[in-house]
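In the block that follows, a single chain appears as structure tokens, in the form predicted alone.
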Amino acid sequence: MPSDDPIEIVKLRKEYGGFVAVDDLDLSVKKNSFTGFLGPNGAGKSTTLKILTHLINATSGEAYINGIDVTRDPKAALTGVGTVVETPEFYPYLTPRETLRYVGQIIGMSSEAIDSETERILEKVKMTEWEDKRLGTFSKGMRQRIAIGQALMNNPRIIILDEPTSGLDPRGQAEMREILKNLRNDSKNLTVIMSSHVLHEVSDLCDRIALINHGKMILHDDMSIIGTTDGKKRMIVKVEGTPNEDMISKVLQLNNVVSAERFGNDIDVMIKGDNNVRVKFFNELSALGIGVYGVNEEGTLETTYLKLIKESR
């Protein structure tokens, strides 16, 4: 039986001849989470999302959306779900406005809802300036924004994204991340699962991570504890000025600090505790007159990713 989670995958398996792309995979995506779905090329990420969106059938196992079996009743399961899977295709002679209206008509929205949603979404994906230009003249990054816009029509509660920044130039990637970040911040009742190869993108956007290799789940947890050991987490804290012995000594005396040392112009800190402990830690730094302008935990995710992928070979 499926759980109460909006997305539930149970013993999912997909074989292509003698090749096993997804191997008895279990995954529950929590409500209102933004889950990064990670893994190397060929790990089974896209195959899993294609099964979940009923683009292909599983060899065995089950996939549920809101408790509805995707295989048995895909229309009901995917109602209220926005998706961007594989390279989006458009009618090149339509404009962004016409494209969104067309999508709204296909999914049965009223004329009033189509009008209001079209305006809202064009603004959200930053396409109002080009709303009446033909899609055939657009760059890949602009077309990807329209793909996200299509997924947002009818205000879905679940969104499934397969590498939304793939193939974009650095500017396009940054613009797409900003759109996704705004979407996350503006929509508190939204569940998102997004596959990606870009670790800093996942660190920036996601609050949970699911890591697979060879079609098997090897890690699924909150982003806040990724890279922890016995509840300890390493952070590179960027501070105003150059850290000196006196500053390091003060940091070492704070509660829950396991170790602290200079790391170039930053401080390498190991701290024990959850997010509440970290909040208190930064407040204590401020009380000491130590200004913090940034924290880098990307290396922790990268180290964890590489270690687990290597161990799972």
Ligand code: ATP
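Since this is a predicted model, take the numbers as computed values, not measurements. Don't overthink the numbering: it's just position in the shown sequence, from 1.
We do not show the form predicted together with the ligand, though everything after this point is about it.
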Quiz prompt | Segment assignment from 254 to 262, 34 to 42, 64 to 72, 284 to 292: heavy atom within 4.5 Å of the ligand in the predicted complex | solution = 34 to 42
Exercise. Consider the chain as shown here, without its partner, and state which of K232, K140, R171, H197 has a heavy atom within 4.5 Å of the ligand in the predicted complex.
Key: H197
Exercise. Check whether T47 has any heavy atom within 4.5 Å of a heavy atom of the ligand in the predicted complex, and answer yes or no.
Key: yes
Quiz prompt | Touches the ligand in the predicted complex: E163 (any heavy atom, 4.5 Å) | solution = yes
Self-check item: Residue contact check: L301 to the ligand in the predicted complex, 4.5 Å heavy atom
Solution: no
Quiz prompt | Partner contact for A21 in the predicted complex: the ligand, 4.5 angstroms, heavy atom | solution = yes
